[in-house]
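Heads up, the chain below is alone and in the form predicted alone; it's given as structure tokens.
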């Protein structure tokens, strides 16, 4: 009898532990059920394709934001960085008429700008909130000035072929969905299977202990910003492909809020040291599902920002309760 009770207690504790660590999984299926009940066409190919199109660009940025937040930092500049890189990327594309050159430019330039953020935080010893708030303004100002407030349009010579990158399909699977899954898999492997990933968790959990253990904290923190810049550069390339016209004042606006919301919904601790890439992957999809539910429920679109803000607060409150328990 005692053995049976012990076994039951073990099973109960394991289920409780799993549910506590994977709240985002239950949240995802709950939202999925609500979405299907509200919108009968939710599971249709066209609707799911649109969901992926809306999730991928912000989702790739959110993957980078996950690394930054796990390491105990924050990056508010990703939206403006997206606008700057995508706008100049269009100029590179129109000049060279080579999409690969544009992609390399976006990745390298994004990496460069992300590294600037990282060095200002680590070498300059300035709070990441202040640094990225400043670069948020600076990056946006630069691209608006370069474009004189107007759009950066893809030339007709490469318009059709370039647009296919974002809107095309392979075996009826959207290209963006494939790209998102591949990037997520790579970042997952880095975080879960490499020393670098373990070091990020260590730095976010206890920076002093990580330093005493021989981890180069400055390098790890800087690399987190660099990788976020690199991933944001890829998103900038995809955004330009999807829109084919980058309006400097509006491109990437609120991307930082969406990225942070996805990370929070996905179970990453805002205090650093804990989080999951798969959680962020589902988090950005859930965020887009919520927007779809609001539209289907005929909630005014102007209230979307309010809903995102509430979601972030609730997610952080839930995390803080878990950490105290």
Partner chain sequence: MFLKMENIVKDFGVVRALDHASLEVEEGEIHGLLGENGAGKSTLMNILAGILKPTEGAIYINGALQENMTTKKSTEVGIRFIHQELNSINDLLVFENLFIGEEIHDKWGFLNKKAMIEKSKEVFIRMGIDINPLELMENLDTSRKQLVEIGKALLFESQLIIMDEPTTALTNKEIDNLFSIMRTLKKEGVSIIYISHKMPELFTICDRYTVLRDGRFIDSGIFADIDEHRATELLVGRSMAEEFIVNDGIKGEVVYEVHGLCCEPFFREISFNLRVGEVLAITGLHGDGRGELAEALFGARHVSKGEIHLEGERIQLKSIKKVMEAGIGMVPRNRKERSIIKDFSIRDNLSIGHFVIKHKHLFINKEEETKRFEKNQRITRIKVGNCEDYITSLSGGNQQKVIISRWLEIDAKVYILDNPTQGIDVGAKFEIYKIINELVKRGKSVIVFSSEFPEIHKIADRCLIMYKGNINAEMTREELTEVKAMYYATGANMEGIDENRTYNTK
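Numbering follows the first chain given and starts at 1. Everything numeric in this text was worked out from a predicted model, so none of it was measured.
The same protein has a further form, the form predicted in complex with its partner chain, not shown here; the description that follows concerns it.
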*Looking at 213-221, 251-259, 80-88, 167-175, which lies within 4.5 angstroms of its partner chain in the predicted bound form, counting heavy atoms?*
213-221
*asked:* Between 109, 162, 180, 201, only one gets a heavy atom within 4.5 angstroms of its partner chain in the predicted bound form; which residue is that?
replied: 201
*Looking at 194, 155, 141, 96, which has any heavy atom no more than 4.5 Å from its partner chain in the predicted bound form?*
194
*Taking heavy atoms only, is residue 134 within 4.5 angstroms of its partner chain in the predicted bound form?*
no
*Could you tell me if residue 104 has a non-hydrogen atom within 4.5 Å of its partner chain in the predicted bound form?*
no
*Contact between residue 206 and its partner chain in the predicted bound form at 4.5 Å, heavy atoms?*
yes
_Residue-level contact is defined here as any heavy atom of the residue lying within 4.5 Å of its partner chain in the predicted bound form; does residue 189 satisfy this criterion?_
yes
*Partner contacts in the predicted bound form for 254-286 (non-hydrogen atom within 4.5 angstroms of its partner chain)*: 272, 273, 274
